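So this first bit is one chain, no partners, the form predicted alone, shown in structure tokens.
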């Protein structure tokens, strides 16, 4: 793997950063996160026009056909600016359809996800929040070739904004008898809503299903054999969230360094003192360390799938611990004002708290690495 970015990827980064700096500075982020929808429909349309919503969708379905390393470039910038949007959820929905959908399903859903007229999300987990096949207990009834679903999915990112849900359900009593289907929001018996959370730039909610009929043409892949796909979707979710953590951690570090330069105490900037300088150096080392892990993990998704599980878990585990420390240290180095709502550093601490359990916390991923290593 080449750890340097191409000229095209650096151009993409520059364009994304300029767009977000111009169109969604922190004042706008605060307005959006306090809105009912939690995202800006106007900015969402602009993202679609710029081609970013279809970044990883093939050109034949209206996308740009780029890979996960290119996606990481974009996600670092949305993380750096704390940009509120259902971008990751929609990208993961497209990934599910792209990997397991037939040609008719791809033609039906992918262009709409790429042009922004549809917003997607994954509805995989339930109350127990276990990231394994055992954690999916929603049992489908069969009615001819159709499935009937009644139950509730929890921890559904962007549930309030989504128009399409990729829902995991159980087809039998076997450990991995699982299926995946695309359910539209306006289907009879569907009710979705989001709840206030610690990080208002990210919305998480639930999906309630009451005798929802799933026709065979809405099932992705083969019903009863979906666990490998679900596992890969969890990995893609982990690396997407971790890519945003890279940008957010750098944003928190930059903000804290600038504060240390500007804040004068005893006649000098506080950044001259070891008590401030050394924690900032440690934050920098942490960011650079898990940044490399994220790049490698993103590369394995497209280029070396056999290495993806271990590399994704290493990146998410390290980043989860490190970003939490960076968030806490950033607030503490701001002193008392860091705890006030007026200062933006507290928003980065909240992002670190939100990201910690998303698609597996550090304990889950370290245990997975140990298991994959035969320990």
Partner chain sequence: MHFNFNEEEEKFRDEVRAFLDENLPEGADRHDPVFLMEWNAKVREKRWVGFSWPKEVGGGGGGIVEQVILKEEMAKRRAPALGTCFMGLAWVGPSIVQYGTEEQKERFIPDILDGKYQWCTGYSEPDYGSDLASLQCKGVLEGDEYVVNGQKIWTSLAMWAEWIILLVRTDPKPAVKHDGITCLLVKMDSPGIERRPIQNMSGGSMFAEVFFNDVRVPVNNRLGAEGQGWQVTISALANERSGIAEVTGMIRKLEELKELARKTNKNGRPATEDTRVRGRIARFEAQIEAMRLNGMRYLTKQLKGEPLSSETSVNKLHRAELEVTMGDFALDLLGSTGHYRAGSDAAVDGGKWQTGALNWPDVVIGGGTPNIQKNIIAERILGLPKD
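Fair warning: this is a prediction, and the values are worked out from it, not measured in the lab. Residue numbers count along the first chain shown, from 1.
The protein also exists as the form predicted together with its partner chain; that form is not presented, and the subsequent description refers to it.
Though its partner chain is absent from this view, in the predicted complex it lies within 4.5 Å of a heavy atom of just one residue from 148, 260, 98, 223, which is 260.
Checked against its partner chain in the predicted complex, the candidates 281, 175, 139, 198 yield a single residue with a heavy atom inside 4.5 Å, and that residue is 281.
Using a 4.5 angstroms limit between non-hydrogen atoms, residue 308 is distant from its partner chain in the predicted complex. Heavy atoms of residue 107 never reach within 4.5 Å of its partner chain in the predicted complex, leaving it off the interface.
Proximity of residue 135 to its partner chain in the predicted complex falls outside the 4.5 Å heavy atom cutoff.
When its partner chain is considered in the predicted complex, residue 318 lines it closely, a heavy atom lying within 4.5 Å. Note that among 123 to 131, 252 to 260, 140 to 148, 198 to 206, the stretch whose heavy atoms approach its partner chain to within 4.5 Å in the predicted complex is 252 to 260. Residues of 49 to 74 placing a heavy atom within 4.5 Å of its partner chain in the predicted complex: 69 alone.
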